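Here you get one chain, nothing else, as structure tokens; it is the form predicted alone.
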């Protein structure tokens, strides 16, 4: 096979083996943008799995990035626990009221069945359609909220921090329940056709909790959970810092770390050498206002810092490109990767 003929799957697998493929792979992690493909509201868009799948396929064809992304929105998992999602016209839905109002509620909490959740079933249907279309040519990157970070949405961030510090027994019980849910949800997506699971774990980031606390909590949760997921994982801090805990993250068994724009890609790549591949770290917020030249400069800079020797996938730093990023910027990212991301075969 000539290096110029790599499929997206071959390109990604090569870089994850720390080899240099034909060019740097890049992921445009697009979600709400699919609503514009069909000129419908975000709420209507996410109500129809066939629409989401078709939009993902069309957007990949338009921009030429190296994955499908069947992720809907984070609060969809909370819907399985009895919560609601609040929709907005130009942003991702957000979680409604917490399902855990008092610490004592944890004792009566039960793990929901993934296959009885209408929302989660839509994601599985979307994934199945994508898999049928892509075969083995394009990776399908699915998402689970980590058990450790899911709890911040289940009970509110302030209450969750109080739980971590003040009630170790109930914290452990909540993690047991959440781990069961996370593993079932991850494996259901793999069974539906997902290539890999993005393990979203922002509460574990060094931006939110100290590394020493992470090692006692989120690290142990991740190690147990990831070991039971029947496929490769990438750990994502959703804009949070990871450099102080890179070695710990590598010990969880994950294959990729997704780094923040707050960290230098050169330092991250060096710290991850021989342990992890790196995904990131374009600034999705600033991206809303990039000119063509700024876009090219940012892409070129990222590639120059992290692409050598493989082990790097260019992407945004949050795991979800904002709805308000212009399509022209996405096109310029694609064009710039193809211009500056060529490896010498």
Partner chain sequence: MEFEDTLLSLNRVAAKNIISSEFTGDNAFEVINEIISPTLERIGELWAHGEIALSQEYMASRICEELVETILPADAPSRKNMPVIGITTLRDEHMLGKRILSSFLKANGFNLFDYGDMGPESIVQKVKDDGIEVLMVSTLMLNLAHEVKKLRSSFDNEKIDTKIIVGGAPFLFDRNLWKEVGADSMAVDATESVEKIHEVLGDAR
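Quick caveat, the model's predicted, so the values are computed rather than measured. Numbering follows the first chain given and starts at 1.
One more form of this protein exists, namely the form predicted together with its partner chain; it is left out here, but the text below deals with it.
Trainee: Given a 4.5 Å cut-off on heavy atoms, tell me which of 177-185, 205-213, 265-273, 128-136 is the interface stretch with its partner chain in the predicted complex.
Mentor: Contact criterion met by 205-213 only.
Trainee: Wondering, does residue 300 line up within 4.5 Å of its partner chain in the predicted complex on heavy atoms?
Mentor: So residue 300 does not count as contacting its partner chain.
Trainee: Though only this chain appears here, would residue 56 touch its partner chain in the predicted complex if you measure heavy atom gaps against 4.5 Å?
Mentor: No.
Trainee: Could you confirm whether residue 195 comes within 4.5 Å of its partner chain in the predicted complex, counting heavy atoms only?
Mentor: Judged by the heavy-atom cut-off of 4.5 Å, residue 195 is well away from its partner chain in the predicted complex.
Trainee: I'd like to check something about residue 250: if you look in the predicted complex, is any of its heavy atoms closer than or equal to 4.5 Å to a heavy atom of its partner chain?
Mentor: Taking the distances in the predicted complex, the answer for residue 250 is no, it never comes within 4.5 Å of its partner chain.
Trainee: If you check 76, 226, 99, 261 against its partner chain in the predicted complex, which one has a heavy atom within 4.5 Å?
Mentor: Partner contact (heavy atom, 4.5 Å) among the options: 261.
Trainee: Using a 4.5 Å heavy atom cut-off, which residue among 288, 43, 62, 48 comes into contact with its partner chain in the predicted complex?
Mentor: Going through each option in turn, the one that passes is 288.
Trainee: At 4.5 Å by heavy atoms, is each residue in 94, 165 and 283 next to its partner chain in the predicted complex?
Mentor: Verified in the predicted complex; spot residues all in contact, yes.
Trainee: Check each residue of 217-249 against its partner chain in the predicted complex and list those with a heavy atom within 4.5 Å, in sequence order.
Mentor: In sequence order, 239, 241 come within 4.5 Å of the partner.
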